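Below you'll find only one chain, the form predicted alone, shown as structure tokens.
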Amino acid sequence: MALYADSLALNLLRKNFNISNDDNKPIIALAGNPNTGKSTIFNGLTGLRQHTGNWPGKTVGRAEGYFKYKEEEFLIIDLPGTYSLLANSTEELIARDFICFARPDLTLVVADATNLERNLNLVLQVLELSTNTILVLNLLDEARRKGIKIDVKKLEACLQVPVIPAVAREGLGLEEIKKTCYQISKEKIKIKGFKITYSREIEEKIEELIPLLKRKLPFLQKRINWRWLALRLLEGDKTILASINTYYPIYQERVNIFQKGEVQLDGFNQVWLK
């Protein structure tokens, strides 16, 4: 399952994210809002098989560790706690760029079951970016004490991804997380992926922009979610272009045509990259 036979992806991991994966373990990104119990899940999965440091060039802490299920060993990276992937802060930028450019094999998103509506904002953003996603509903015991009932099967059906109930501080759900990661790595579970459908006008512009991106930025083929990138550009998010330049500096000239506004979409110029 691991994607890192791609030498360029391996170099990105080593140079920009300070992560070595020479033995090609499946890589899992662990994401979630602050105070969802994400660190408890990380500690529960990895035990003493972890080490900490900072993200390269940042003062933001980073932890990575390992866990094993049957014969498969997984490398898990604990991303900074964030409420979104809109890159309005250093933490959001790190989380977004790791999921987007380091291309983890799986993304575990930890959500607080007592405040699911707020947490789903991040969940939906990750689902737009990464198909192989697992939602972990943590703090389920607190939700029950508050009289909150969550239909896990219905949530799975709506999001089209595995949803795992958990009480991480008691160790509940951890074995199911490992098992599900293993089953996905062995393709025993295939995730369909979730697609948010926008207004007709936006969907038309997405369809117009994707072929243009593929022509102008062919080096990103199989390295980025084209629909997600199109949405970021339509929102006027220039940070994504800056990140592409950071991780693929030899292609800056091609990326700069978007930054300079030399490529335009009829009828949508007023909101695109202003």
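Please read all numbers here as calculations on a predicted model, not as lab measurements. A residue's number is simply how far along the shown sequence it sits, counting from 1.
From this point on, the text means the form predicted together with a small molecule, which you will not see here.
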Note: exactly one of I76, L139, L127, I99 sits with a heavy atom within 4.5 Å of the small molecule in the predicted complex, namely L139
Checked N245, N225, T40, T239 for heavy atoms within 4.5 Å of the small molecule in the predicted complex; positive is T40
Note: the small molecule not shown here; in the predicted complex, the stretch from 118 to 126, 192 to 200, 178 to 186, 139 to 147 having heavy atoms within 4.5 Å of it is 139 to 147
Given that the partner is absent here, does V167 sit within 4.5 Å of the small molecule in the predicted complex, heavy atoms only? yes
So in the predicted complex, does any heavy atom of N35 sit within 4.5 Å of the small molecule? yes
